[in-house]
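Below sits a lone chain in structure tokens, taken as the form predicted alone.
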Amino acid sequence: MGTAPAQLFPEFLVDTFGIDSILGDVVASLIGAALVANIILAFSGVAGPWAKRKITAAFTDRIAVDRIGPYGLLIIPAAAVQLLAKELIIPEGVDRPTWDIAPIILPASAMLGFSVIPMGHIGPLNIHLADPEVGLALVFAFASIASVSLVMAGYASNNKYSLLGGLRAVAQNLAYEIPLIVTAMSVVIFAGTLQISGVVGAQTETLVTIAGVSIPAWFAFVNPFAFVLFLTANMAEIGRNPFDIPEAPTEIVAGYQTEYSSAYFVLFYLGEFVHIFLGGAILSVVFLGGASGPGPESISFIWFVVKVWGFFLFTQWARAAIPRVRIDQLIEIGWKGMLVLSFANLVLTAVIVGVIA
């Protein structure tokens, strides 16, 4: 049995300040949303202009940014000013307002996903906004909206390379989102719930104790095959190597974002990194015990940060080390490999759980 769900952050604010009313609930929810949004934006702000370059440089034996501020950290505000100061060029023939809306949808869809992700505790505060009974299905639904943004951008840009990027995004999404969700369903069979707090709670037990060291019942340990399947499909969903087909700079310039500049390009760039961290957060809660880790629960937010940044590090390693597959290879891996293996894993899990139960 998992532990009981902790008090949600908006509920904590309502109880603490005694604002038990509809207006109080709205204000508490907005404060919680602002806190979570700022945490994720801070992650993305560090990851995009600075960490990505530093990590890639370490893998490829280069120096990267080190001239602007200590350890090059001032490249973060410098890059923001540089990109936002550029002229917003609107090509002829673009389909507006579709062209304008597309860059907003990409980061917004990932931000919505974090509304149901438990991010652990900072002292008495539980950084978790909502815990619906179908939370796991909801987070996948929010994440999948990203593909709509890429298709809109590709279609509306009046550019053949952008259109190809949008079409590739659809093909990739169809080929890998099904295995991703089917693999997650094998975890739901173990946990017996779609509620994310329940999935995380089911991983708090001890799987085995070796030489006095307790190994937690994280589903990555319970079913490592499903973990590898989910990790692979997740990489395709967030568009990281070897699956960065929708933008493929060496083939279709930059795909769906070819015709975007200035603030619109920043939104796309931001959206990519927010989705990487959302992918890491989903992987964490589904297979790595969420924010759980050694030490008291009051510092569990630190373990959440470690896990999502560990996933980010993995994506950058893949970017530096693994070559991009061709579009035909990507489709074949998805439909002929991942789909079959994910359903086989689901059936096998159902049989095993059925026999044990």
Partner chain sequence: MSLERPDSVDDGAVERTPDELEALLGDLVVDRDDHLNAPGFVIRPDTVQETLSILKEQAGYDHLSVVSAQEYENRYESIYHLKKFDDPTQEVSVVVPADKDNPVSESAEPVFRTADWHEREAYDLIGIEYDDHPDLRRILLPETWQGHPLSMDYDKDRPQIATLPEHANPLQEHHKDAESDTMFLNIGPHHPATHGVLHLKTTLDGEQVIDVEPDIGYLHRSEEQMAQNGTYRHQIMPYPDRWDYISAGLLNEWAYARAAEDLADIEVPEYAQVIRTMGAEMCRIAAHMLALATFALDINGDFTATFMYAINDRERVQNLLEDLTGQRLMFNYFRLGGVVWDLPEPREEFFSKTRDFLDQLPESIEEYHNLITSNEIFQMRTIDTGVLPPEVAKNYGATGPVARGSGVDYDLRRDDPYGYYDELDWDVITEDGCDNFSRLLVRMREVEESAKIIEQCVDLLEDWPEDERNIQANVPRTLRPDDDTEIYRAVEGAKGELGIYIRADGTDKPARFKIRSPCFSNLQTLPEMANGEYIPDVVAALGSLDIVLGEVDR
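Numbering follows the first chain given and starts at 1. Being a predicted model, the structure only gives us computed values, none of them experimental.
Another form exists, predicted in complex with its partner chain; not displayed. Remarks below refer to it.
Though its partner chain is absent from this view, in the model of the complex it lies within 4.5 Å of a heavy atom of just one residue from V46, A33, V325, V65, which is V325.
When you look in the model of the complex, the only residue of Y161, F142, Y155, F268 with a non-hydrogen atom within 4.5 Å of its partner chain is Y161. In the model of the complex, its partner chain stays beyond 4.5 Å of every heavy atom belonging to H275. Not displayed here, its partner chain is approached by N241 to within 4.5 Å at the level of heavy atoms in the model of the complex. In the model of the complex, its partner chain lies within 4.5 Å of some heavy atom of F59. Within this chain, L339 is remote from the site of its partner chain in the model of the complex, having no heavy atom within 4.5 Å. Picking from 65-73, 289-297, 38-46, 315-323 the stretch near its partner chain in the model of the complex, with a 4.5 Å limit on heavy atoms, gives 315-323.
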